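Next up is one chain by itself, shown in structure tokens, the form predicted on its own.
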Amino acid sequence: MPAIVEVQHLSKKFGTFTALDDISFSVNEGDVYGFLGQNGAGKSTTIRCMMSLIKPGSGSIRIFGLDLATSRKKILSQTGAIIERPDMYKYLSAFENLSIFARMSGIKPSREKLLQMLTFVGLRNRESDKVKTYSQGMKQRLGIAISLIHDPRLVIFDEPANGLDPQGISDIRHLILRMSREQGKTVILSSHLLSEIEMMANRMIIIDKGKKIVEGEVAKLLDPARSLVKLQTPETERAHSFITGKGIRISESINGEYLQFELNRNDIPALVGGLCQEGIPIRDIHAMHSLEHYFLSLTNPAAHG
């Protein structure tokens, strides 16, 4: 797939604070691209640069093969976005809001088109209700409808699940996956909810303190051979001896009852069987093969060794 977004050597300072430090990445057409980092890592600053809301100190941004610095209007006409919480007219209905924002985008969709979009985001039965009566999750879904009404090629969401309950987070996740699979949208998704990114993104970047840490395909970066296993047993010395005897390096012993080590997820059942045969009791064992552990191991290796 060709690159739809190319960011090269992007840097930005606010006074003496370096928000972005020589970041480069690319997003391919059709990607759901996860943009990951702890609060203050530089995610929102990067997105604001991409939306031409702030000007980078140095570097270049090309979207749809065009330079953002010289083709801003054309690029933004093909881009949809939610930056933080969407602003709406709370005393107007969802239908009226969507109609107004469509006209702001320079289009005049039919009533049927507007209702189709509200159906897509799950608001078809509430289209006449004032937005002030909506939950935060409903407002977020209406924001997604607004971002899609002009049929953009690229959609950018900055922390779309912020402040939502578990059901709201699930609703947003399924909407993002549907717009990718059913509508063929390229999606850039910034979030600190790492498990959500793991369920949605096919490619990702992790940034920390304004610097790129890693970029690549999620499936390759999350190699199952690098699952972190945490074993709880009252007989840590015997378990330690047995596990190291299998050629497995114990990375950490915790409080005299936990052992931590890396192991291919597929090899865990055989290890458990061996421990049981040796009569070593197991109180708990679980693998932390997740984007969260991977992310924390990169951004804070001393604490997550």
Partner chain sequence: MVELLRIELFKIWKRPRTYIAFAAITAIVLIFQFAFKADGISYMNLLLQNVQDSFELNKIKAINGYFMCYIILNTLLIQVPILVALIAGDAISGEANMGTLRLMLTKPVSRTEIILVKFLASFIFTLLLLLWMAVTALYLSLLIFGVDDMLIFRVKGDESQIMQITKDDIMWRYYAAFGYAAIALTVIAALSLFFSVFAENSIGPIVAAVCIVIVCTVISNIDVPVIEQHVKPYLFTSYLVGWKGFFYIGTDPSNIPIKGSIENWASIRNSLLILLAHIVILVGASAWFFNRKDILS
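Under this definition, the rigid core comprises the largest set of C-alpha atoms superposing within 1.5 Å between the forms. Residue numbers count along the first chain shown, from 1. Just so it is clear, the model here is predicted, and its values are computed rather than measured.
The discussion below concerns the form predicted together with its partner chain, not included here.
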{"property": "Its partner chain contact in the predicted bound form: R48, any heavy atom under 4.5 Å", "result": "yes"}
{"property": "Any non-hydrogen atom of L115 within 4.5 angstroms of its partner chain in the predicted bound form", "result": "no"}
{"property": "Partner proximity in the predicted bound form: L76 to its partner chain, non-hydrogen atom cutoff 4.5 Å", "result": "yes"}
{"property": "Its partner chain contact in the predicted bound form: F101, any heavy atom under 4.5 Å", "result": "yes"}
{"property": "Option touching its partner chain, based on a heavy atom within 4.5 Å in the predicted bound form, out of N28, S60, Q38, S52", "result": "S52"}
{"property": "Listed residue that, although its partner chain is not shown, lies within 4.5 Å of it in the predicted bound form (heavy atoms), from S170, N202, S105, Q232", "result": "S105"}
{"property": "4.5 Å heavy atom contact with its partner chain in the predicted bound form for all of F120, A161 and R265", "result": "no"}
{"property": "One stretch from 92 to 100, 188 to 196, 202 to 210, 162 to 170 that, in the predicted bound form, holds residues within 4.5 Å of its partner chain by heavy atom", "result": "92 to 100"}
{"property": "Sequence-ordered list of residues in 5 to 21 near its partner chain in the predicted bound form, where near means a heavy atom within 4.5 Å", "result": "K12, F14"}
{"property": "Per-residue C-alpha change between this form and the one not shown, Q136, threshold 2 Å, rigid core fit", "result": "no"}
